[in-house]
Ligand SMILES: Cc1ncc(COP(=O)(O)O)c(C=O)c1O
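Next comes just one chain, in structure tokens: the form predicted alone.
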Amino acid sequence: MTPLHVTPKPAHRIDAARVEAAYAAARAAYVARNPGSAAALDRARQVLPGGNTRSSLWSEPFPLCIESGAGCRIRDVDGHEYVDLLGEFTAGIFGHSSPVLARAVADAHARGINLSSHTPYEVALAERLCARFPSMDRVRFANSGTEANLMAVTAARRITGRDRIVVFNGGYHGGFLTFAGGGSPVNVPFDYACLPYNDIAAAEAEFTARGAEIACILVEPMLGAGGCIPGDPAFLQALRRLASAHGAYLIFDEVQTARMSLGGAQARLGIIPDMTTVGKFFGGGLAFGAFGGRAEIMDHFNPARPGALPHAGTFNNNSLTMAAGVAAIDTYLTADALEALYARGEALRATLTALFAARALPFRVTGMGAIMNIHPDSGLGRAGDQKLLALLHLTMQERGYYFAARGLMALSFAVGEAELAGFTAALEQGIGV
């Protein structure tokens, strides 16, 4: 996509009353347009708390109920079709209903599922992952990115004999390792130092004060749920230096950023951690997580070794997931395809930045490659910004474009230039404030 070349205009003043009125109208139109989704939520409330089993999907006045998808499009229970710009929160990089992945799962199923022992599938997937990531000599499988991060952190604590973990405000490493606003009431009760992201001085001060107690640094090369804020290369390199100097492990959570190149963000940045966690799309659309690292770290999980660290899980080597992961890597997650997707995302972000400036729309966009987040910039404070973002979300859904209520977008391979041109044209219409 060719970025717009414009002279930025000064942002017009945003009137809170106009935002409120536009939001109220957009909300009312949404409710009237989606009775099927409202009814689906009412039914779900009878058996699920609030009708929900995944907090990140909730949005006011109620979320859409999606019944099907194909390529880069999804359809809700009321029959509306949307261009899916969310890509299952980065996991849906393949688009919907891939025949290649469906065939891989069916073939594995025909060979027998839950095979009660080691299988060739897990070795094939492990070989591919270790070949991709500079930091992975050995790898272990899990069922989610959450599990992978928990195991990586636990390994670091046990091997180093230290308890403290350095994390960063806004970081998200799974449902039990969430640091938006500094932490979550359901976090695993470890000893955390939650520091400002991209703040080298804060990290240096923490290690100066308590370096001998720190087992590991757990960091995303780009904050994902924290707003798609890329890590400053100098900051990430400083973390590498501090970890090495103090005998701590540097763990890169690449559950999202693994798509940034064949070897993830670490290969693109040239910064090699001690351990890496991945998940999402490496399971070919099925539940998946993995953690890997240097041989001397990962060999603590060798069950033939005295005092080995235990790591169980019935579905860790589920043959369906392993087969889907191999097919996904061999068919879709190639160096050329990932590079093209990265470039398409970079171009879209530049286009959106220029469009917001040219139309004096009160938004900005941050991100890396094909993962990005639109942020409100109303000057009305937090409440006003939230209302403005909700207005944008509802407006763009009415125009046929779907992304997260918090402004997150993650392009899939299936999203093409025509869909992106349509999206920017829809944005150019503005939001009525």
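All residue numbers are counted from 1 along the displayed sequence. No experiment lies behind these values; they were computed from the predicted model shown.
One more form of this protein should be noted, the form predicted in complex with this ligand, which is absent from this view; the next part is about it.
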Query raised in the report: Which one of 273, 87, 145, 325 is close to this ligand in the model of the complex, taking close to mean a heavy atom within 4.5 Å?
Result: 145
**Report entry** Contact residue in the model of the complex, chosen from 94, 121, 207, 172 - any heavy atom within 4.5 Å of this ligand
**Finding:** 172
**Report entry** Candidate stretches 341-349, 173-181, 234-242, 129-137, one within 4.5 Å of this ligand in the model of the complex by heavy atom
**Finding:** 173-181
Requested in this report: Using a 4.5 Å heavy atom cut-off, state whether residue 149 contacts this ligand in the model of the complex.
Outcome: yes
Requested in this report: Would you please decide whether residue 251 lies within 4.5 angstroms of this ligand in the model of the complex, comparing each non-hydrogen atom pair?
Outcome: no
Report task. Look up in the model of the complex whether residue 258 has a non-hydrogen atom within 4.5 angstroms of this ligand, and give yes or no. Result -> no
Query - Partner contacts in the model of the complex for 267-295 (non-hydrogen atom within 4.5 angstroms of this ligand) - result: 280, 288
